[in-house]
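Shown below, as structure tokens, is a lone chain in the form predicted on its own; questions about how it binds or moves come after it.
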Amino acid sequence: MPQQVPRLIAVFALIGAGVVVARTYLVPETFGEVGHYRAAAVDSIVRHEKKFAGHQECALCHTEVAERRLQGNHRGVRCEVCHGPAAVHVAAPLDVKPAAPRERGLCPLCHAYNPTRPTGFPQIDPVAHNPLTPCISCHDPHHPEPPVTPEACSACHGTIARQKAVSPHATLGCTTCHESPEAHKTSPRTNRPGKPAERTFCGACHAEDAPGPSHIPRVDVATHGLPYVCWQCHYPHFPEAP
């Protein structure tokens, strides 16, 4: 018998013994009774003190605020996200008032610039954006449309703006390539900007016979990269060669 066989047997025996010991002494008694978890955990959770009331309870008394929130961009943000647990307030509304954050630090938790956030999500630089002014001075938190419609795309597309600023396309305005309806500024998710659908669009600058400075990269649009549209290979906000 090869010497490896007894060693393998010993290894598997140790593994088996470990499994038996773990199931005997480490696995909770109620594990697996109603699913792949400890059944007694349900009772433990039920015994916890109820802290959150749910936004439905808030809407029973704060009808106008609830309706305004449903019409705005915070319609998916529940009341207790900003006001804190409200179960005690619901039980004794005259005696206990929920928190009403008015300091500047809360809103940037979601709206401070962070490149990992979705493209188009409203973001600001808290240091430069109306410093020392509470956010609610300009924005109604229950319907937080900006008091002044942003004129620059970078107000929402911070990541793209920062990347384009150090690219060969830095001097191009966003609307050079994107047809953006005016409604996109106030309802960005329902009014999307367009993007070039034809190779000839990029060819207006990059075709071999296109007018413009000699340092602009040139290609034969009729044959280069067929059958793809240019931005499918070249990221237009930083269009280095792939």
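Numbering starts at 1 and runs along the sequence shown. What you are looking at is a predicted structure, and each value in this text was computed from that prediction instead of being measured.
The discussion below concerns the form predicted in complex with a small molecule, not included here.
At least one heavy atom of Arg192 is located within 4.5 Å of the small molecule in the predicted bound form.
Interface membership of Phe201, defined by any non-hydrogen atom within 4.5 Å of the small molecule in the predicted bound form, is confirmed. The closest non-hydrogen atom of Ser180 lies within 4.5 Å of the small molecule in the predicted bound form.
The small molecule is not shown here, and in the predicted bound form it never comes within 4.5 Å of any heavy atom of Ser44.
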